[in-house]
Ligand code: NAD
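Next up is one chain by itself, shown in structure tokens, the form predicted alone.
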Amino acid sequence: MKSYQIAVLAGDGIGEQIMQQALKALRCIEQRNEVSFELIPAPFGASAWFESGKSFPDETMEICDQADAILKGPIGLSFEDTKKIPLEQRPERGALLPLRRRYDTYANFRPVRLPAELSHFSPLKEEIIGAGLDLMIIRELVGGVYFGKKESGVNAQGLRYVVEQLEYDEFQIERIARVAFQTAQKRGKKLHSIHKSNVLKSSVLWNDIVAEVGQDFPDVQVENVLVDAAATYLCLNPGQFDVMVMENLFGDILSDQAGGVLGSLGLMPSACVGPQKSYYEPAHGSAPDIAGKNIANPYSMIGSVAMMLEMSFGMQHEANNLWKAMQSVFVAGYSTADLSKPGASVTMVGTDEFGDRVVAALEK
């Protein structure tokens, strides 16, 4: 029997409750297969800081170091509560970026999937989204302005200032481009490279490296699109995209926009893949305003489990079963609060019931 150790970082806000639904699915899969999952919880994020004074405690690092994969919930608190935490220990700076840096999780995969049967969840018109959507956004995750040198202070004129450098080298661009081409080869053999080369020199280098890597993938069609144009096309004709690759900041923004195209970031799981270790997380935040109310959509958390099964454990068949089980709950006429307004012709379910229905569908 195969055995895997998984670090479970529930995070903040709705993290604990949606993580519970993800673990239900894992336990069901464990019962159906010759596999065991050792689930090791560890504090991470704002809640960890309030407990220990560190957003990414040493004991959590040790657990993650030993794990075969990391399953992470959303982190962060309200604006007012976040101000109670020292700047460098706030969840994104003190936990999330160090997690990415520690395991060099440079390749972020964000699937944007909406079957035709669920196209009514999208705010886009039927003629645009009616056939459904299936694209993959690949975002470089450990470079760019988020990881560049930072400086702030008061200049000689007495004005407060800040400098944040956008840094990339050819190695960083080459490896994410190669991941994108390999992904495109397995899908529709079409790759959109997103950039801002009319303004940014970093994008000029990006385009040069993508073109060089593309010589190794002659069967993949490459289209170069300015990031602002790509944002427009995601609304007007998202079906033209299959695989999109972009640098860190652009990927952060466009993938959230893609969640809006689907109707909710609650439908956006993600995988953050490194050379030795990967972590899996919802693309959305911790929604502290609805924490404990049993109304959060756990789809993206459970979907992150599906991505972990496939990408870390090689369990493609069960990953597919889990995707189908999640989608079947919606197809059967159920909905979570983020996707439908009261009075819609659906049956509203809470976080726990959605998780139970996914497990029931999976058991079939």
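Start at 1 with the first residue shown and count on from there. The shown structure was predicted, so the numbers you read here are calculated from the model rather than taken from an experiment.
Quick note: we don't show the form predicted in complex with the named molecule, though the next part is all about it.
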Query raised in the report: Just to confirm, His120 within 4.5 Å of the named molecule in the predicted complex by heavy atoms?
Result: no
**Report entry** Distance check, Glu310 to the named molecule in the predicted complex, heavy atom within 4.5 Å
**Finding:** no
Query raised in the report: Would Asn297 sit within 4.5 Å of the named molecule in the predicted complex, counting heavy atoms only?
Result: yes
Query raised in the report: Looking at the partner-bound form in the predicted complex, is Ile290 within 4.5 Å of the named molecule by any heavy atom?
Result: yes
Query - Which of 66-74, 33-41, 49-57, 318-326 sits within 4.5 Å of the named molecule in the predicted complex, heavy atom basis - result: 66-74
Report summary line: Answer key: of Val261, Val179, Leu265, Ile209, within 4.5 Å of the named molecule in the predicted complex (heavy atoms) is Leu265
Query raised in the report: Here the chain is shown alone; which of Val220, Leu166, Val225, Leu96 has a heavy atom within 4.5 Å of the named molecule in the predicted complex?
Result: Leu96
